[in-house]
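Coming up is one lone chain in structure tokens, specifically the form predicted alone.
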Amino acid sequence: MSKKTASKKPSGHEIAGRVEIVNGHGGLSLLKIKTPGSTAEIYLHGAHVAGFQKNGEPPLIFVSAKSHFAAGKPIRGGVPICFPWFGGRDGEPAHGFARLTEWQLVKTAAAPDGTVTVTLALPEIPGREAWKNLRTEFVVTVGDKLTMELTTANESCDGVVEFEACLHTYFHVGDIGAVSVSGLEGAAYLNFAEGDNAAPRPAESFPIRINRETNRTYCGTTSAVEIRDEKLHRVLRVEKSGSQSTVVWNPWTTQKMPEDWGANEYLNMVCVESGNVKADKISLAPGKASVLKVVLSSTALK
């Protein structure tokens, strides 16, 4: 993990016993959140949720042990915010600039039921005038579930803005060979493990089993997804709204990965990503807003 000079911590947002602001890995500002039933970690760098764990359970979120924690580099794992584009773009950072930007901490709040809510805002970035009319906030609520809401408003007077957005969630699993992913039966998909020009694949009638490089984009689906983990004896559930796309990804041993990834880490993770990408990109009219909401939860496997 990279080591950098500690950044200046924001003040006035700590809540005794609930929200602490510390210097995390690489000196990056980190919010450590505690509720009666869970803990979470959020970096201001990328507004990046890097941890969520219910008391007495294994972590729900996976982060690579080799991840960089440094300005200008993405955190590998957790919940990267892919915005305002998804995937590669010539001369630009993959998955957009939001995950490389230090977001502003707007407020924190603790509710009587024990949940904690954190609101962050994407600042205006010099050189990104094409996106200056978009106001983007990320609200994370931590309790027995993890709720994430990415809201984008078009504040221009006359221009439609097109963008993609995705919450690229890495889930921690006990053994990828003992995992199945259900909820996408009946939805056609693009199989990018076979190349960027892969033709649409017809819908399947059975859960996904991951035994090779997997990179599937399901468009036009609003379904909830469940990750059944036989090793850790639990079911992880991904519920969403304001989302038409779901991406399922595991690099296996065949996808070329950067240096911030361990050779065997594919065994303990799977990404189920919720958003609006490819054919489902958002065209946002002036004065309108788009809300992408994702709720993550876990239950014991029956």
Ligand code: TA6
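When you see a residue number, it is the position in the sequence shown, counting from 1. Because the structure is a prediction, the values reported are computed rather than measured.
One more form of this protein exists, namely the form predicted together with the ligand; it is left out here, but the text below deals with it.
Pick from F62, W249, Y43, Y266: which residue has any heavy atom within 4.5 angstroms of the ligand in the predicted complex? It is W249 that has a heavy atom within 4.5 Å of the partner.
Just to confirm, with a 4.5 Å cut-off on non-hydrogen atoms, which of H95, K145, H172, K73 contacts the ligand in the predicted complex? So the residue touching the ligand in the predicted complex, by this definition, is H95.
Within 4.5 angstroms, counting heavy atoms, which one of the listed stretches 78 to 86, 228 to 236, 117 to 125, 133 to 141 is next to the ligand in the predicted complex? After filtering at 4.5 Å, what remains is 78 to 86.
So in the predicted complex, does any heavy atom of Q255 sit within 4.5 Å of the ligand? Contact with the ligand, yes.
Should T101 be counted as a contact of the ligand in the predicted complex, where contact means heavy atoms within 4.5 Å? T101 lies outside the contact set for the ligand.
Would N215 show up as a contact with the ligand in the predicted complex if we use heavy atoms at 4.5 Å? Within the cut-off, so yes.
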